[in-house]
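Here's a solo chain for you in structure tokens, the form predicted on its own.
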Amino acid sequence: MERELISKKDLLDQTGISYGQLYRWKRKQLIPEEWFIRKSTFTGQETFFPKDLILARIDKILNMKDDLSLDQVAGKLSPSLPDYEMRKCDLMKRNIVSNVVLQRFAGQDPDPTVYAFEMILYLYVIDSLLQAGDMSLEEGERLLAAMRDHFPNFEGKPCELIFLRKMGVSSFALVSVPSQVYFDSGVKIVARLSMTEAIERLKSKLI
């Protein structure tokens, strides 16, 4: 599964930003280093970006930069997990995670139980896929185990969750960004979720 790329020239033309803005945002870590992909072309070496990720990121930066400093924007867009905790009962009161998910995945925990941001993120991602109708509760249990086992290995670096199914059997993969992942023809990509985007959305709800 090859991700669509956009050249630097086309990116600047399409978004209307300047070369200087692009690299200033890179220095400020608003745009991850990993998204700057050097490739050989018939004219020499050129820089490309994952198209969907970079266009969404630039749109967010442009929408936020008038109200926030670049450092504040960088904090909101960072894939690093904040040092943040919330009680189970507050997650329910604020509707951060649905009652169905809390009952299934945290039902035995008493209401005063405090969850770190990382666990809240796992529940939030599961809830998002369930709400979209893409996943069953049983698959959610397997996804929770996969995220607990593997997400910490990325240590704040951008990654994606790929949810796939073949002949009714589902699997999950966490992959670095950017990446090119290929599957055989019998595999259906059910969902491809940027964990960085999920972290940003959850931060906006919590902090």
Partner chain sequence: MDNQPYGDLNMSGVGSAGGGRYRRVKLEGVGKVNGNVSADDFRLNGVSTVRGSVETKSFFANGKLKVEGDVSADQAEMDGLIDVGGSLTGHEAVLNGYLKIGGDCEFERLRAAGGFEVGGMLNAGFVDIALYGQGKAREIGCESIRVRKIPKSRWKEALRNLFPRWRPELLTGTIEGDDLDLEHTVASAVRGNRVTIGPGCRIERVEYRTEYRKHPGAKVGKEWRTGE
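Residue numbers count along the first chain shown, from 1. Under this definition, the rigid core comprises the largest set of C-alpha atoms superposing within 1.5 Å between the forms. Quick caveat: nothing in here was measured; it's all calculated off a predicted structure.
There is another form of the same protein, the form predicted in complex with its partner chain; it is not shown, and what comes next is about it.
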Touches its partner chain in the predicted bound form: Lys8 (any heavy atom, 4.5 Å) | yes
4.5 Å heavy atom contact, Glu138 to its partner chain in the predicted bound form = no
Might Arg192 be said to contact its partner chain in the predicted bound form, defining contact as any heavy atom within 4.5 Å?
-> no
4.5 Å heavy atom contact, Gly186 and its partner chain in the predicted bound form | no
Contact test, all of Lys65, Asp67 and Gly75, partner its partner chain in the predicted bound form, heavy atom 4.5 Å = no
Assert contact residue (its partner chain, in the predicted bound form, non-hydrogen atom within 4.5 Å, options Arg165, His150, Lys51, Lys26) equals Lys26
Of 176-184, 31-39, 57-65, 142-150, which is the one stretch near its partner chain in the predicted bound form, taking non-hydrogen atoms within 4.5 angstroms as near?
-> 31-39
Superposing on the rigid core, is the CA of Lys26 displaced by 2 Å or more between this form and the one not shown?
-> yes
Once you line up the core, how about Leu12: does its CA shift reach 2 Å between this form and the one not shown?
-> yes
Superposing on the rigid core, do we see a C-alpha displacement of 2 Å or more at Phe151 between this form and the one not shown?
-> no
